[in-house]
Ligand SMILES: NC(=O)c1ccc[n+]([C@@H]2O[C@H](COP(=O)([O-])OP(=O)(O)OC[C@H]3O[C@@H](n4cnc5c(N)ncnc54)[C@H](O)[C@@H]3O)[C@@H](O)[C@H]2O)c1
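In structure tokens, the next block holds one chain alone, the form predicted on its own.
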């Protein structure tokens, strides 16, 4: 079993969620080496330093210069994901788990993928819900034909596209076998002119967003986010002979109505899986050691971002857009700059 030296870029709450995932790894030994945070004397950084016995630097580049790291968690705000990921790759780290959203533009996502390919670094994006037992079981049911031919997946949640929305879209992709999107139509509302949330204080955001995506296998994805959407992180999969509900509120987290095997709704026992962050990191070690591909691989993270940018650009241009999405900038930022929203 190999030992991996770990560093954190960003020492806030999400880094403290990654740390137990590292400690729980069953396929590697871990040595916490260092962290970096914009406020190295703040409560978050001091807590990481004290709990894990590591130095915390103000500049992540200094951390990378001083320490030979194998794995890096990028746990900063979205606007810094690109440059910190590229820097870690250029310093030769073997694997990176970068939090969602992958970046704030497709051009940034492409730069990240290119840098990691050049250095041989495995890059995974933190869409942890792909590792939830109910999502894994639901995907297995779809693959086994339990609801016939899958036709529609709807997902909804609170907050905005670049926040919870990236999880909603990515989980739709996972449940749909990562089929390629063909076209998208979307609309947003931004009447409150919101800027910054506690976990994304560097971001602008919309109040409400809806999107419709058709995929290459004919499945339609329906996406709702924001103040007038159902705030629950929940999904419904509709097939020709049944329905699956995932993360449904006020009841079982997963249930199925299948014309093939059950009569009436059925709530299963869920698979015994490790916590999501541990699952992400164990799979990253497997990728680094050549045993697997990562279900959160960077191209999948980019695809979720591309759907987000497609919804923004469709709202901006008031039309259906085919994939690939041409816009390489942060579309919502451009819409605000040009007075569209």
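These figures come from a predicted structure and were not determined experimentally. Residue numbers count along the first chain shown, from 1.
The same protein has a further form, the form predicted in complex with this ligand, not shown here; the description that follows concerns it.
Residues placing heavy atoms within 4.5 Å of this ligand in the model of the complex fall in a single listed stretch, namely 74-82, out of 214-222, 242-250, 74-82, 153-161. Using a 4.5 Å heavy atom cutoff, 14, 199 and 277 all lie near this ligand in the model of the complex. Proximity of residue 130 to this ligand in the model of the complex: non-hydrogen atoms within 4.5 Å are absent; the residue sits far from the partner. In the model of the complex, this ligand sits within 4.5 Å of a heavy atom belonging to residue 37.
This ligand in the model of the complex comes within 4.5 Å of a heavy atom belonging to residue 99. Although the partner is absent here, residue 21 is not a contact residue: none of its heavy atoms lies within 4.5 angstroms of this ligand in the model of the complex.
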